[in-house]
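The form predicted on its own is given below as one chain in structure tokens.
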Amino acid sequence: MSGGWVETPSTFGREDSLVGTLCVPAEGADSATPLVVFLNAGIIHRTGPNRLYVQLARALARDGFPSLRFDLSGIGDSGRSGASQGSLREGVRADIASALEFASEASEASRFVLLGLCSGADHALDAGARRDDVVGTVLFDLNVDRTVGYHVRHYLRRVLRPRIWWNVLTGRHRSTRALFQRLGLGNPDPAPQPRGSTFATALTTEEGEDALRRVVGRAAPILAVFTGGVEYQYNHRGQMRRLFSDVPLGARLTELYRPASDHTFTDPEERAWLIRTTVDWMTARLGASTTPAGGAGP
């Protein structure tokens, strides 16, 4: 026990192959308070990038929220179960189901919030849409497609930069190089790399829309935070809401943009902002005294 929380390492799931850390308030948690389940950011260990998940879990515990941060199969300390079958996405869903079952037994929690960064955000939205006991999702740098508004801002900012025009005039800009190549005056550039997520479990826009409809249909709140670290796919607050404009998100979605932060919240001040913002949102929207998802409320 230390500073208001108790942490317990645990194994669970198929063949006890999954490894996690249960973090609960030292004074215990109200049975109505949801338990937060942290999902790996890519292939990063359950501590999270720059120990973000550890710091956030302990901050949540100080505010009364229990949590479980665990490694998906084949990541960090978790092994690959011999019983694993199906696609990668199905395997992730099975791991999350095992984590929620374990958390429920270990803490008597019956309501959950799924939280993830990058691919973890995709996993959180996907799994959260499929379970009635998931009453909220916290998404950091969810993979989203570009919108018209994205492209307008992207190119307008570049048109207004003198350095861009200098690169064009001196042949350094890729558009100029491409023209020279077509004229046979330059060396070919290396093959372009795909942009966006390379994870096989990333949701398509159609899948994301379907998942959001299910989540909103249960009146479960969503916190989505985007950083300047994913400027290649998100560059202004409100882009997610506009991308999914056919989904009645309303007040269920809290969408924030933090352009000064990188993708892994390396800067301590940016990380502290994210932790404080998440804890405040959790307390306001999903604390023990708030209305459970599906009931009345904004």
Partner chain sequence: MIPLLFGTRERTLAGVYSPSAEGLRGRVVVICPPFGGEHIGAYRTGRVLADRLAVQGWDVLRFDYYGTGESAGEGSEVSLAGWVSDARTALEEALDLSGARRATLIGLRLGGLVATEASSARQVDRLILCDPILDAAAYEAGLAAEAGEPAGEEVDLHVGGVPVPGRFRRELRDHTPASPTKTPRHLLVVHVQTFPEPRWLSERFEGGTDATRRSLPDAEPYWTGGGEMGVGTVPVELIGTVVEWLG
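Positions refer to the first chain, counted from 1. Remember, it's a predicted structure, so these values are computed and weren't measured experimentally.
One more form of this protein should be noted, the form predicted in complex with its partner chain, which is absent from this view; the next part is about it.
- Message: Give me the residue from 241, 252, 58, 258 that has a heavy atom within 4.5 Å of its partner chain in the predicted complex.
- Response: Partner contact (heavy atom, 4.5 Å) among the options: 58.
- Task: Check whether residue 45 has any heavy atom within 4.5 Å of a heavy atom of its partner chain in the predicted complex, and answer yes or no.
- Result: Close contact exists here: in the predicted complex, residue 45 approaches its partner chain to within 4.5 Å, heavy atoms only.
- Though only this chain appears here, would residue 118 touch its partner chain in the predicted complex if you measure heavy atom gaps against 4.5 Å? Output for residue 118 is yes: heavy atoms within 4.5 Å of its partner chain.
- Partner contact for residue 233 in the predicted complex: its partner chain, 4.5 angstroms, heavy atom: Residue-level check for residue 233: no, no contact with its partner chain.
- Would residue 54 show up as a contact with its partner chain in the predicted complex if we use heavy atoms at 4.5 Å? Close contact exists here: in the predicted complex, residue 54 approaches its partner chain to within 4.5 Å, heavy atoms only.
- Item | Contact stretch among 97-105, 110-118, 131-139, 205-213 - heavy atom within 4.5 Å of its partner chain in the predicted complex | Only one stretch qualifies here: 110-118.
- Item | Residues of 5-25 having any heavy atom within 4.5 Å of its partner chain in the predicted complex, listed in sequence order | Read in sequence order, the residues that approach its partner chain (within 4.5 Å, in the predicted complex) are 5, 7, 9, 10, 11, 19, 21.
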